[in-house]
Structure formats: structure tokens, C-alpha cells
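Given next, in C-alpha cells, is a single chain: the form predicted alone.
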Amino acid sequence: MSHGHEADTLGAHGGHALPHSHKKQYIILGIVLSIVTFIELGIPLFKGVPELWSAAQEVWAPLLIVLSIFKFGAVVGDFMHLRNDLTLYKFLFISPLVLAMFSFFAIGSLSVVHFHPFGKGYAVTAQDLADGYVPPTVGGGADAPLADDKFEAAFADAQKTGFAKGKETFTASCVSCHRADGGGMPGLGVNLTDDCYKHGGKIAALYTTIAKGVSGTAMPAWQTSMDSEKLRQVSYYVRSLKGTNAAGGKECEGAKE
């Protein structure tokens, strides 16, 4: 009977065994890959839970990289059959991949200083802020404000240079929320060119607001990425915008000073 069964199996295939079906294996792998993709797409949704997003800030980027590597390996290893191929072909394929990954991490660690896990900043875009995401406020990075008379004297010195240093910092870090002319952006930064202030218009108050940020708003704590002198210089520049009344600026927010 065994010979008869073997003959039935080989039968019309000219003495060759029927190929083994991988259909079940591919279906299972397809389900796993779909789940991994849903996880990848779902991670940005955690920005809506600032406490969780901030607490695990250093985990998200490495997790996405690991998941991507897993998907790549699964597709290449099973669907493209590299797992069962000759060692030489595996080496020829994997070596450039390893080199590419090393280059990615090396360049990333040098250039993407505002993204975890490479730097101390947070991966936040203007669209994130527009959607209501507030970067976590981290304290302790700035000196205490100067006395009012010292601030005024330093303001006069900065004025002699046209507030060049402060304007440079403002242009690099603040225009996405406050506009280049300081007129403010809907849902984001306030108008800095009128005479209205929500947290005080004196230079010491401006310095504190810029340094420590404002909880519950899109205003981050810049003391996490600026030293005290840079914070002071941008405070002088912001103070200089008072009364310039940029065209199309936002309506008054806060009290007039």
C-alpha cells in the first residue's frame, strides 16, 4: 500500500514530489506584519497623551527602528527565501544592509540633535503644535532673571547692535509660532507687536516666560536648548517689538501694559 500511495503522490509529476505549500506560513506572517504596521502607525497617537508620550520619549524612535528591521527581515527571509539560500548570497545581501544602518545611525547621531535618542530635544513639528501637542516643560536650565535696572542697561546695549543676536535666535526658533514679524499665529503664538501681555511685559517677565514656557500652551521651555545669555538676548528683541503693531497681527490677548 505504501508503494501505491507513493505512486499516487509522484504520479503525473514525472517522479518528482509535489512542492510543499507555504500558504499557511505566508498567511500567518502576513497577519503578523499587519499587526506590526498598525503598531507603527499608532505610536504617533500617543502624542495625545503627553504624560505617556513624554515618559517614553527615548523609547519611540528605537522601537520604530526595531519594528522596521523585523518587517524587512521577515519579508526578505521568507517571501524572498533568503533564509534558505546559500551563505554567500546571505553575506552579499546583508553586508550592505549593515553598512547602511551604521551610516544611518552615525549621521543621525551627528545631525539630528533635536530628536531622541540622539539629542536632548523633542521631535516636534509645527503641525504637531498646530494639532495641540505641547512639548514637556523641563525646569532648571536658566539663571534667575536679572534685576530690572540691569535688564534695562543690557537692553540698551543690545539696542546699539539692532538686537542682532536676539533677532537671529528669534528667526531660528520662534517664527513658526509667532511669525517673522512677531504678529502671532492662530492657535499658536501670541502677537508680540501690540502692547498686550498674558504673563507680563517687563523684560524679566518675558525672560521667565521664554525660559520656562507656559504649561498647557504651545509655548515650550526654551531653557532646555538655550543658555541664559541667548534667552536674555531674545527677550530684548521680543521687548523691542512692542508697539510695532504688525499688519494682520492677532487680536490683543492679556492685559495692556
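Position 1 is the first residue in the sequence shown; the rest follow in order. Only a predicted model underlies this, so the values are computations on that prediction, with no experimental measurement involved.
One more form of this protein exists, namely the form predicted in complex with a small molecule; it is left out here, but the text below deals with it.
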Any non-hydrogen atom of Cys177 within 4.5 angstroms of the small molecule in the predicted bound form: yes
Thr209: touches the small molecule in the predicted bound form, heavy atom cutoff 4.5 angstroms: yes
In the predicted bound form, Phe163 touching the small molecule (heavy atom, 4.5 Å): no
Partner contact for Lys198 in the predicted bound form: the small molecule, 4.5 angstroms, heavy atom: yes
Which of 23 to 31, 187 to 195, 39 to 47, 60 to 68 lines the interface with the small molecule in the predicted bound form (heavy atom within 4.5 Å): 187 to 195
Whether Ser173, Val214 and Met226 all lie within 4.5 angstroms of the small molecule in the predicted bound form by heavy atom: yes
